[in-house]
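One chain follows as structure tokens, the form predicted alone.
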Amino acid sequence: MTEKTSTLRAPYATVLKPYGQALVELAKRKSNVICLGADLTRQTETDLFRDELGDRFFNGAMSEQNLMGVAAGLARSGHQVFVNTFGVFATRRPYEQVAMQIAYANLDVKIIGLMPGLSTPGGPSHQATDDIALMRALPNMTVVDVADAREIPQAVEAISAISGPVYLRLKRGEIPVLFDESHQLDLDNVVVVDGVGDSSAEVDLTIFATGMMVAASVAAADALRGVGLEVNVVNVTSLKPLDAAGVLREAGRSKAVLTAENHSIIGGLGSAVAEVLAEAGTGVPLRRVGIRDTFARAFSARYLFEHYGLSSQHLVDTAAALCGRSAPFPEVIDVPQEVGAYSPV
């Protein structure tokens, strides 16, 4: 089995505020880029933009519905607008305005939702566990969820090149580096980032993962390979439009499929993959790992990922049972999270 050499292993080095840096660099080259915030400037990394390009930075305060209207007006005036806040405040709270003022008009507004899913201890008022589902449902909206610090600057460039509205989902703060310098973001295709190098080889399991769950899926795949299972990890960066042909290609050479997302299993990646497989009449067994039909608690992110079944070990247990293995299942090696580094749960 040939491993994809671009995929690194935990503990991962981290980069501080890669999104904020990338947005500043983009705006220096594109004079029509405007940055909007909602009283979360430091928390959304846009303090870097404010400090360097203050004449194009506007704080709309905690009035996200109004902020989306402002973004729409600026976009109609020829600006490319980046709206920055936590994911739950970028989607659930101003959904009507996003739908009717931005998506319906197909405007050049990029909505950046930070602190996705269970990455925040703030409880259901702050946990964006349904944001992908909400934004996938909007016509004209592109939905992107990136895996690491290599992909973030590339994603900023890529979504800037899209003329219509985009929702970009980001972990904030210190971001892990999962891939080496050769890694290229691909919004058009799902990509095997870890697994069997031969594109025609059959595998026991394919894990379709997005965002923060890519690192957890790589750790789970390592444990599963230890008991003789051939496993591919596929990075799904674009949730909408979804590379349906790529999903069918990878599922077609796999005996079983698992999806992994830091989001509700309703309406997110698991639903999207299931829709593709069902409409194609594919009979491959499928299991979805994500947040079940529930609101989560206010607690540490590590606890939440374990409690709600998003850990690497839960991926292993689900996958091993799906592949017909009996308990006890292989254990994921616990990699301590060092200072300045990142290890998946």
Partner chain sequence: MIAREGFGYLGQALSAAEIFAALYVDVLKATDDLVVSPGHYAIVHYGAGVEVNRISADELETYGVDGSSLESIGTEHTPGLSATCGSLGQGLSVAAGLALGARLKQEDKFVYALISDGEMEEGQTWEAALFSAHHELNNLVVLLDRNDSQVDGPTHQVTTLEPVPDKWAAFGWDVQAVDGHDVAELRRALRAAAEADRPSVIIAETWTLSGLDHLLPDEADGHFLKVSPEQVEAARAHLDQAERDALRVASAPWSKRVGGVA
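This one's a predicted model, so the numbers in the text were calculated from it and none came from an experiment. Numbering follows the first chain given and starts at 1.
The same protein has a further form, the form predicted together with its partner chain, not shown here; the description that follows concerns it.
Taking V191, M100, L248, A137 one by one, only a single residue has any non-hydrogen atom within 4.5 Å of its partner chain in the model of the complex, and it is M100. In summary, among the residues I34, L304, L48, V316, the only one with a non-hydrogen atom within 4.5 Å of its partner chain in the model of the complex is I34. Stretch-level contact analysis of 275-283, 39-47, 307-315, 60-68 against its partner chain in the model of the complex, using heavy atoms and a 4.5 Å limit, identifies 60-68.
Put simply, R76 is close to its partner chain in the model of the complex: some heavy atom of it is within 4.5 Å.
Not displayed here, its partner chain is approached by A105 to within 4.5 Å at the level of heavy atoms in the model of the complex.
Although the partner is absent from this view, D293 stays clear of its partner chain in the model of the complex, with no non-hydrogen atom inside 4.5 angstroms.
With a 4.5 Å cutoff on heavy atoms, E202 does not count as touching its partner chain in the model of the complex; it lies far away.
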